[in-house]
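Starting off, we have a lone chain in the form predicted on its own, written out as structure tokens.
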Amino acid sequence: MSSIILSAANICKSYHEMNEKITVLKEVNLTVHSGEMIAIIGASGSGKSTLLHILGGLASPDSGVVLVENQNMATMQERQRCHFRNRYLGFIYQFHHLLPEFSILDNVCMPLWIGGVSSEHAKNQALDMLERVGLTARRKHRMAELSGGERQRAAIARALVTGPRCILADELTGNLDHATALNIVSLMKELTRETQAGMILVTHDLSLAAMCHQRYTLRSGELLIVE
């Protein structure tokens, strides 16, 4: 039986602009199980990225609770929260944020080095992950020498190398052609199944969302299940 990796209960978030209160999230509830891939779709500006940042502990809700592996990051000190995110969460964005001055292997090693893993062990783990995403032959190359799809595969390897329990992906295929995007999402689905991590994919592409186990839409601040 799959276990609960992440749960969000009654998440609310509002902003104030020109003395006007703008409600972004209204009583949002979400549960992610191990090996489960969830898609969140919605119009631009609907609050998808805001929700993802809250789920990843990068932003705070006005009210509500987010638990990752039954731990509440909101109660942690900043240093502890950063360490927890590095260990249990993996982030992938539309812009890969690879460091151009480093090789792809070093980029993938980076989260492990930050977490205090020795150079040798970090290299071995990174090489294993690069093999799983099909980039072993490109390990010594730098970002500028890779295609868009290869760069995103490298970003996936970097996000997964620490063995996170949940992956948060914000429009990770936004800069790719449709065929490459389908391959990337298919790879992510395979990797989440193998590692039994959970994954939340924010996307505007309905065909990519259809590849996920569960689909939600964010509309007027409410998260609704897509049947």
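Each residue number is its position in the shown sequence, starting from 1. Fair warning: this is a prediction, and the values are worked out from it, not measured in the lab.
A second form of this protein, the form predicted together with a small molecule, is not displayed here; the remarks below concern that form.
A residue is said to contact a partner when one of its heavy atoms sits within 4.5 Å of a partner heavy atom; residue 204 meets this definition for the small molecule in the model of the complex.
Among heavy atoms of residue 56, none comes within 4.5 Å of the small molecule in the model of the complex. Residue contact check for residue 46: one or more of its heavy atoms lie within 4.5 Å of the small molecule in the model of the complex. The closest non-hydrogen atom of residue 24 lies within 4.5 Å of the small molecule in the model of the complex. Of the candidate stretches 57 to 65, 36 to 44, 159 to 167, 172 to 180, only 36 to 44 has residues with heavy atoms within 4.5 Å of the small molecule in the model of the complex.
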